[in-house]
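Quick heads-up: it's one chain on its own, the form predicted on its own, in structure tokens.
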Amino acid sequence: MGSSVSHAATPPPSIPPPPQHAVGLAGVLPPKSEEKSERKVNWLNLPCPVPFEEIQREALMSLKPELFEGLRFDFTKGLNQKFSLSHSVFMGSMEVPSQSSDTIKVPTAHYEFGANFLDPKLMLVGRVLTDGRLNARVKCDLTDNLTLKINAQLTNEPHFSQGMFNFDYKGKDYRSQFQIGNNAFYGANYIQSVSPHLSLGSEVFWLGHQRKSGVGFAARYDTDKMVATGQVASTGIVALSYVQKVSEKVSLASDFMYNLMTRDVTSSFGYDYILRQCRLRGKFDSAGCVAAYLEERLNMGVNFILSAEINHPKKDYKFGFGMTVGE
């Protein structure tokens, strides 16, 4: 008796369906990646803004270099980690105010002796010149957030001595300052961060002897690549500035100023180029003035300085060179 085996028909293998191609641009463009979630801003932990008086510090580095005319030599000798002495010699010319449009210059020369005391919580700087002027600066950290600054300038001429006391308070995301000076001067300013990149501020002052007062407002927007500022005051001044950081070594700056009272408008453009051994800064403005300032590092603690300023409309030309020794 033979066993019977049933052979069932084997089903054919299943063929996968052809891939469905997208219609239109969707078939050409790469698939979209998942969008990155936006970084949330912690509005209770905003950065502390720059001081109100330094709101244009990046632009001033390029547009306001320390130009001079003649010969300058500065020597600084450190006696220890906190105390140092400085000697400075200047020989050049000084402009004398006149009613005519021509620039009148007289030769001048002076020697300056200085003493510096630098401590993490106390800074004392004093300068004495041969013409009788005395300049002094004091910066003392009373607390971690409160700083006292004193600036004084004493001269032999009557009514030309000046003194100023500043009380600076640094908060978590704001700064405030109160000022007291001679001639019954009182001032206060406040600046607040309103976003990670935007800060707004205001100032007010009163000059008692002249019976003048004023109010000003300012805004600053900064990122890793640019800084833009704007200021307006009741005295009729409108000031704008913009700094673009092209690279780690090159930055460009521009500013615009309008005086509502005198109807004067000025604008300037500047650059700041940092090389391996030198730093070059320069500017040119709408008044026809072109300036350049070069600092060349010859050795450790030895710098050579060249300064030039040309004002073609006024036929005023200033050239200077100097050297600084010591850090």
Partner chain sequence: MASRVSSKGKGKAARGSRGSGGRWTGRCVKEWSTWAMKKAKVITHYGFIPLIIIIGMNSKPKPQLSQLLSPV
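From a predicted model like this one, the values you see are computed outputs, not experimental measurements. Residue numbers count along the first chain shown, from 1.
The same protein also exists as the form predicted in complex with its partner chain; that form is not shown, yet it is the one meant from here on.
Heavy atoms within 4.5 Å of its partner chain in the predicted bound form map, among the stretches 235-243, 89-97, 209-217, 132-140, onto 132-140 alone. Interface residue among Val194, Leu154, Ala188, Met257, judged by heavy atoms within 4.5 Å of its partner chain in the predicted bound form: Leu154. Interface residue among Ser202, Thr103, Ser161, Asn166 relative to its partner chain in the predicted bound form, by the heavy atom within 4.5 Å criterion: Ser161. The closest non-hydrogen atom of Gly230 lies beyond 4.5 Å of its partner chain in the predicted bound form. Looking at Phe75, you'd find a heavy atom of it within 4.5 angstroms of its partner chain in the predicted bound form. Its partner chain is not drawn, but in the predicted bound form it has no heavy atom within 4.5 Å of Leu146. Among residues of the shown chain, Asn116 is one whose heavy atoms approach its partner chain to within 4.5 Å in the predicted bound form.
Judged against its partner chain in the predicted bound form with a 4.5 angstroms heavy atom cut-off, the residues Leu79, Val125 and Val128 are in contact without exception.
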